[in-house]
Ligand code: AMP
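Single chain ahead, written as structure tokens, the form predicted on its own.
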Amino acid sequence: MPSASGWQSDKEDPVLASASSARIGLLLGLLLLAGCGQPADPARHRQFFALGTLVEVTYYGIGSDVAEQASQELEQMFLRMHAEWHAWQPGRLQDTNRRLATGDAFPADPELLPLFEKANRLSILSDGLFNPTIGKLVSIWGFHSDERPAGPPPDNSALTALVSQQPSVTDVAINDGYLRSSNPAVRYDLGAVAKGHAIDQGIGRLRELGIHNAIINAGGDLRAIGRHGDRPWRIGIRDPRGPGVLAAIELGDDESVFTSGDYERFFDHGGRRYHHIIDPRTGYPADTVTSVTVVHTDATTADAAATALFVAGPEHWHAIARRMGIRYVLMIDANGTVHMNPAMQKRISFDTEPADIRLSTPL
């Protein structure tokens, strides 16, 4: 999720919030069933709370003991990542941000370094629309908190001052395992990429355990490997302005599906919704889109790309998708128009056909 706010969902009770997030994100559970009259689904499901959301792991073709062991390992892995990568709680990321602010070179944390390198590369490919260094902007909006912000929005002069400092990944030098920032405004917030990276790490661990048919679904963002028996994994994409499924898509042997939406973490003030997907060029939430769903083999890339395309909006998403290597995109703009490329159109099945669909040229 997004030049974003970190890990926590925008509800009061974290467990109830996560259950809701799992239901309204990519709606996985019911779509794993073949339909009425079919025998009971043999997939095994495990759930735990980590990364600020409900994580559901679905396995196919393994025993209960193996599923339990794998889930316990994933839970401990994800809890550790959450603690160390959190943007506003003590941990490795907070310590790294403190040291970046000095302008001096220092040894990078060996666990965070690969994530910084990948996040920086993805930010450059996105032309800075995914910008993991705008932690100060995210904080001033109140999204560096485990509680839902109540508003009002920050003072415009404060936002203008932060935007004028233009923090960017190009301000951060990475040389021989050392980090240094030339811009004191740089504050990393990995909320728009860390969940994807964690899921990628989790899938890697499942494969090491000999598990080759599974889905890791963290609050609606997921990566699926293998198949659901004799058929592909099939998931649903949430309607950003309704209670149910907008569309369904069948996944290949190894694909990730990530959605960025303005319904994930927000507050309303003066009749306007202010959400956590900040446009780094303006300092304000991007306001031309309600949701973007992307499909990619790599969860980290899908995570960052969903944010970048949300910020790019209906006029510019196509160019950014091409730069980031994204082949499948579904965007819902603020007017309810569906934008997608022909490759995505061939794969997706709408629950109710949208009134207005606009196809781009092929990516």
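Values in this document were obtained by computation on a predicted structure and should not be read as measured data. When you see a residue number, it is the position in the sequence shown, counting from 1.
Absent from the display: the form predicted in complex with adenosine monophosphate (AMP). The rest refers to it.
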**Options 110-118, 236-244, 129-137, 74-82; stretch whose heavy atom lies within 4.5 Å of adenosine monophosphate (AMP) in the model of the complex** = 129-137
**Request:** Mark G202 yes when one of its heavy atoms lies within 4.5 Å of a heavy atom of adenosine monophosphate (AMP) in the model of the complex, and no otherwise.
**Result:** no
**Message:** H276 versus adenosine monophosphate (AMP), in the model of the complex: is there a non-hydrogen atom within 4.5 Å?
**Reply:** yes
**Asked** Within a 4.5 Å heavy atom cut-off, is A218 in contact with adenosine monophosphate (AMP) in the model of the complex?
**Response** no
**Request:** Would you check, heavy atoms only and a 4.5 Å threshold, whether E255 touches adenosine monophosphate (AMP) in the model of the complex?
**Result:** no
**Prompt:** Of A198, A214, A192, L222, which one comes within 4.5 Å of adenosine monophosphate (AMP) in the model of the complex, counting heavy atoms only?
**Reply:** A192
**Message:** Going through 245-263, which residues have a heavy atom within 4.5 Å of adenosine monophosphate (AMP) in the model of the complex? Please give them in sequence order.
**Reply:** S260
